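First comes one chain, alone, set out as structure tokens in the form predicted on its own.
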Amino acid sequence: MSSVLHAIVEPGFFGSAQVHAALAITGAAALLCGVIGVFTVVRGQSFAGHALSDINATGGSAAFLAGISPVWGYVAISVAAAGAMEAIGIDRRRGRDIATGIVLVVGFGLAALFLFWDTTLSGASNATNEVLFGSIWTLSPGTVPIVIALGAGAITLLAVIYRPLLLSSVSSELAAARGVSVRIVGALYLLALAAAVALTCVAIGAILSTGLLIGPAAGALHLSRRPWSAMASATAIALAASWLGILLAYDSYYWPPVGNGWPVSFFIVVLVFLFYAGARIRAARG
């Protein structure tokens, strides 16, 4: 067994503080995405999740400009954008898409401005790459408790609203007829979604975070239609893709040319796609 591990895992992997922090951060993001991603797909709000991910480029670039940790920028802009979508109107699918599109355009405009300032005013030439594609190897271990606390808070919120959220996700009309405040439940769901998007942006960047949010859930729903089973499968897929992606990214520093490792985000999204494709093939075969 030790010889097999030695062949797969490069020296120093298990003893690296950076690896430990990366595993904890991506693990928290994967757990939350596995749960809320199923609701996002069932509710038909994948576009909202994608928009929040892209808008997070604004928060990350603003954090760089302010000289603070990107995690605070991601959290702040995610919550603000989710609130704006709710305020504009999400009671119907068309209204949700319009609200999402408006907020997305404004967010992109601000992100372009902040990234320009990051480069020209603060001299942070690496800001664009780190915000858009992630920089998990550069995050300090102090980020881990913040990420875990945010993930635990969002999971707790989803547990509290689970039944009304599930009912309103399947049929908002039936939920309203049974006395569920669909608007309030939807707003709380968006708050949890904002936390999930913020964590995935910390893990793999703003541009690619949708892959971890939507991909595992979409694949899991091909394997099971039962909510709990689908969430468990989505979580397992997200965790496997995230942690295997970190291992491959670490090992890639030893691939020729030595010292030029590949991005973690690349490996994670490719693995998510492969898991999704496998789930679809398995479902097609019955």
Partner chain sequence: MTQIAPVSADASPGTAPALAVEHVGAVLGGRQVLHDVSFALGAGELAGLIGSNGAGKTTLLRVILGLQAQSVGVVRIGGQAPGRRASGVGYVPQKFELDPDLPVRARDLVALGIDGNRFGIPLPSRRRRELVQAMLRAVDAERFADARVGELSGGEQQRVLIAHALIQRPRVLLLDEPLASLDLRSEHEVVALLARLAREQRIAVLISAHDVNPLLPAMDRVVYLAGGRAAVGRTDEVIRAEVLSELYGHHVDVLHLHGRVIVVAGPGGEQGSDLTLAHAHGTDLEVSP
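Numbering follows the first chain given and starts at 1. None of these values were measured; they are calculated from a predicted model.
Below, we refer to the form predicted together with its partner chain, which is not included among the displayed structures.
**Student:** Name the stretch, out of 134-142, 74-82, 174-182, 197-205, where some heavy atom lies within 4.5 Å of its partner chain in the model of the complex.
**Tutor:** In the other structure, the partner sits against 174-182.
**Student:** State yes or no: in the model of the complex, is some non-hydrogen atom of I246 no more than 4.5 angstroms from a non-hydrogen atom of its partner chain?
**Tutor:** Taking the distances in the model of the complex, the answer for I246 is no, it never comes within 4.5 Å of its partner chain.
**Student:** Considering only heavy atoms, tell me if L121 and its partner chain come within 4.5 Å of each other in the model of the complex.
**Tutor:** It does not: once its partner chain is placed as it appears in the model of the complex, L121 has no heavy atom within 4.5 Å of it.
**Student:** Is the gap between L31 and its partner chain in the model of the complex 4.5 Å or less for some heavy atom pair?
**Tutor:** The answer is no: L31 has no heavy atom within 4.5 Å of its partner chain.
**Student:** S224 near its partner chain in the model of the complex, any heavy atom under 4.5 Å?
**Tutor:** Although its partner chain is absent here, S224 would touch it in the model of the complex, with heavy atoms inside 4.5 Å.
**Student:** Quick check on this chain: which one of I146, A187, A152, L166 has a heavy atom within 4.5 Å of its partner chain in the model of the complex?
**Tutor:** The residue from I146, A187, A152, L166 that makes the contact is L166.
**Student:** State the residue from A232, L239, V42, L65 whose non-hydrogen atoms include one within 4.5 Å of its partner chain in the model of the complex.
**Tutor:** Spelling it out, the residue with a heavy atom inside the cut-off is V42.
**Student:** For the heavy atom contacts within 4.5 Å of its partner chain in the model of the complex, list the residues of 140-162 involved, in sequence order.
**Tutor:** Sequence-ordered list: A159, V160, I161, Y162.
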